[in-house]
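The form predicted on its own is given below as one chain in C-alpha cells.
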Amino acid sequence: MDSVPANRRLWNRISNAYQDKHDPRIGATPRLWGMYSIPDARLRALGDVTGKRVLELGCGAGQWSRALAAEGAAVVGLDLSEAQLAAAARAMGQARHPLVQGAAERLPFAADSFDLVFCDFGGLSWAPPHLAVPEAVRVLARGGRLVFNVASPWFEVCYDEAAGRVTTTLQRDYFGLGTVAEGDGATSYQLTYGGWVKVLRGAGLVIDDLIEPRPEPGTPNGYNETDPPDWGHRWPAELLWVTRKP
C-alpha cells in the first residue's frame, strides 16, 4: 500500500495547528523523546553526535535537527510534507542545515551517506517499516546506528477510538497490528514486539538496546489523553530502539 500521497496531504493540512500546539514544548529544550518529553540525557539513546553525519527521518519543524546541528553534527532533515519543511526552514535561524523532501520508504540518498539515522515518532511511524528500515540501513555507513522511538503496541491495543483515549482495557487484537487508519486515507504503522525484531534483524541490524521510556508520576502526555493519567508510568507507552549496522 502506498501511503505517501495521503500522509503528505494530512501533514500539509495539520502542520500549522500541530506546531502551534507542540512546538513550545518540543522546541524549548533539546533532545526530548516522545509523548512525555523525556530527556535523552536520562535515556542515553543517541550519545555524542559531534562530527557525525546525521539523518532525521520525519523532521517536522526541525526541533531535533536544530539541536543536533548546534552540537556539531552534520544534519539533514527529511520530511514528506512541504508545510513541515517550511516550518523547519522558518525556525532554523542562521545556523543552516539541509532540508530534503522525501519519504522514509524511498530515501533520496546514496548508500553509506550517514553515521546516524534517527527519528522520534517520525518516518518509522508513518512509513511501512519493512520498507523504511532497509532504506535506513542502506544509507548508513558500516558501524552506523539506527535509533528511533515509536508507540508501544500496548498503547495501540488499549486505545479506545470511541472515547478518544488510551484506557486499561484491551481494545484491539495484538496480532492484528500493522496499519492504523488516521483519517482521509492517511496511515500510520504499528508493529508487535516480535514484528519489530523480525524487521530489524531481517535488515541486518544488531539490536543493542530496547528502551521503554518511563515518565515520572504526574508527567503529562503531551499528545494523547490517557485513563488513568499515570498510564505511561505503569505500562510502556513507547519503544526506543537502539540498533547498529555491523
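Predicted model, so just to flag it, every value in this text is computed and none were measured. Numbering starts at 1 and runs along the sequence shown.
Only in words, not in the display: the form predicted in complex with a small molecule, which the text now covers.
- Contact annotation for L146: none of its heavy atoms lies within 4.5 Å of the small molecule in the predicted complex.
- For the chain shown alone, F121 is a contact residue for the small molecule in the predicted complex, at least one non-hydrogen atom being within 4.5 angstroms.
- In the predicted complex, none of the heavy atoms of W235 sits within 4.5 Å of a heavy atom of the small molecule.
- Taking the partner from elsewhere, L46 is found to have every heavy atom lying beyond 4.5 Å of the small molecule in the predicted complex.
- With the small molecule left out of view, the stretch that reaches within 4.5 Å of it through heavy atoms in the predicted complex is, among 163-171, 138-146, 90-98, 74-82, 74-82.
- Although the partner is absent from the chain shown here, none of L116, P213 and W241 has a heavy atom within 4.5 Å of the small molecule in the predicted complex.
- I26 is the sole member of L191, A67, I26, V199 with a non-hydrogen atom lying within 4.5 angstroms of the small molecule in the predicted complex.
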